[in-house]
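Shown next as structure tokens: one chain only, the form predicted alone.
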């Protein structure tokens, strides 16, 4: 049975009356509309209050670097592992039994961050204005003049910045710079976030959009006839980056036990089902029933480039490159 937001709250309602009043401070680069229900379910089940600071993933990573050991954050939950890699020295080692709950590809080599759900970078396209013969074989083809003024992206978004980091790792600094400059010259449509990209494609502001796989699913849940579909590039293309949302516990936290409880909850069967059925992401620690419009995880892995997520921690290098080309 698929767990809905209501059913997760129902599960939490069966928990024993909390005996404690601990509090955690969570820095969340994940959007409030996506994750607030599962955070509330944790609070109801454990009696632990979670004070959340929502902001962009890269913004929070920079903040953690500035705060250092004085950070009030107990946990950092990012859209991608690259941002956690950027602050890896500020994260505590996670318990071995916890790390063993996810495949090795979905956790830090030194055990300081762990995936909470999986996703893939995709291209969302208009079903009204884009024909199959217009689909590019590679993300690199989007600099062609046939796509001028038609492609939406979100340069300030953490997932996009991880994607650029992956391109730097896979293609090299100069090739990535050339692609970014070529895209800029092709007059892309800038959006503030991935949700706006999908809405923009539906509204006709763009014909193509670089985003994560799960955003379109949220639109289709409420509007099955929404005029867009997800596509991928040819197998192995850097445009098909397979990534994860990830979380780590700060070494500065004096609430290590409670923070571990929170991470364990995110890896629990009910939370993993929530990510699959309500957020349209992929489970990483327990099997879950996927929505009918979600391709199997095996299909994503087959189409994705073989990149070690542990190698994508140079967020500052990506931000510097994006500043140099005028994107930030």
Partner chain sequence: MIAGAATARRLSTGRLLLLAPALVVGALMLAPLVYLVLRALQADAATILALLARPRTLQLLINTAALTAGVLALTTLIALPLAWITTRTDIGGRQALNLLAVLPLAVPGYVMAYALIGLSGNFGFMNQLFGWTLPRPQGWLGATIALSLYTYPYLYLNLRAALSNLDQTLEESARSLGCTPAQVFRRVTLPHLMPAMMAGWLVIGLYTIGDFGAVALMRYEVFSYALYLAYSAAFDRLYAAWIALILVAIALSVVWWESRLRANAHYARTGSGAGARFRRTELRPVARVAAWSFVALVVLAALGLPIAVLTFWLLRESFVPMLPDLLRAFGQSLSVAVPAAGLAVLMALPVAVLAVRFPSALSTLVNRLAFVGYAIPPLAFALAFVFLALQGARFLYQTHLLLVLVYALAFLALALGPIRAALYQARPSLEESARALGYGPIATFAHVVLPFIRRGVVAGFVLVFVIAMKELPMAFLLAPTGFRPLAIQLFSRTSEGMLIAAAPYAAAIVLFSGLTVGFVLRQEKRLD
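Numbering follows the first chain given and starts at 1. Because the structure is predicted, anything quoted here is derived from the model rather than measured.
The protein also exists as the form predicted in complex with its partner chain; that form is not presented, and the subsequent description refers to it.
By the 4.5 Å heavy atom rule, the three marked residues 205, 215 and 227 all count as contacting its partner chain in the model of the complex. Only one of the listed residues (99, 171, 190, 184) places a non-hydrogen atom within 4.5 angstroms of its partner chain in the model of the complex, and that residue is 190. Contact between residue 58 and its partner chain in the model of the complex is found at the 4.5 Å heavy atom cutoff.
By the criterion of a heavy atom within 4.5 Å, residue 32 is counted among the residues contacting its partner chain in the model of the complex.
Remark: residue 223 counts among the residues lining its partner chain in the model of the complex, judged by a heavy atom distance of 4.5 Å or less.
Remark: residue 287 does not count among the residues lining its partner chain in the model of the complex, judged by a heavy atom distance of 4.5 Å or less. Contact with its partner chain in the model of the complex, defined as any heavy atom within 4.5 Å, is confined among 298 to 306, 41 to 49, 263 to 271, 64 to 72 to 64 to 72.
Within 4.5 angstroms of its partner chain in the model of the complex, the stretch 115 to 129 places a non-hydrogen atom from each of 128, 129, taken in sequence order.
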